[in-house]
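As a starting point, one isolated chain is supplied in structure tokens, in the form predicted on its own.
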């Protein structure tokens, strides 16, 4: 079996690393990067075979860096997985809640713990960084803490599971330059003409083909204010999406199929 390289955000202490373990075969190599973009770029440039990226959290919502990369680059979703993501307050030995003056974490983790932070640390400086791995690297004296999955060496958990919702989960995707062989779920991104009823007409196609939409989200087109694209996930068990895509293309000004894939 050929060894493949999977790029992911952070290091072995991040949630993305835990997701990458689910996607990887025993012989695969996991390679950490400082940002989501860097990990995706590694897969695009051939430095790695695939990239593992968070795409949606049950509390914090969509991870826009991943959505924007899917639209902009020649990438496909090959697989997805959902994992429980407890967030812990972490500091160096001797640190406690009363000593903390600064808290670091990834923006998604901070959003997932927003209520806790506001209630417990109303006067503490909160700083968003590129990953929870970077947050841990910055929490190196008793006045600084990180919110992350697990402590690194020399650190301990000050308080367990500080996320606002205890069933907090994140959906991760395996991204590659080629589509997967198949699965029960599809994703697509498209833009419709700027006229009344255009989006409604496009979305009605899913129901007409008996396909259940599980998610719809708009994102700025980035070319001009007021112009949007729409991401849709839908179930396609036992059915080809080809007929839908042909009709959708006729009603869209821009269309990209993001893959037909399975959940593991």
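Everything quoted here is computed from the prediction, not taken from an experiment. Positions refer to the first chain, counted from 1.
The protein also exists as the form predicted together with another copy of the chain; that form is not presented, and the subsequent description refers to it.
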The single option of 157, 93, 128, 72 touching another copy of the chain in the model of the complex, heavy atom within 4.5 Å: 128
Residue 49 within 4.5 Å of another copy of the chain in the model of the complex, heavy atoms: no
Residue contact check: residue 97 to another copy of the chain in the model of the complex, 4.5 Å heavy atom: no
Interface membership of residue 54, another copy of the chain in the model of the complex, 4.5 Å heavy atom rule: no
Distance check, residue 216 to another copy of the chain in the model of the complex, heavy atom within 4.5 Å: yes
Stretch 199-217: residues contacting another copy of the chain in the model of the complex, 4.5 Å heavy atom cut-off: 199, 200, 203, 204, 207, 212, 213, 214, 215, 216, 217
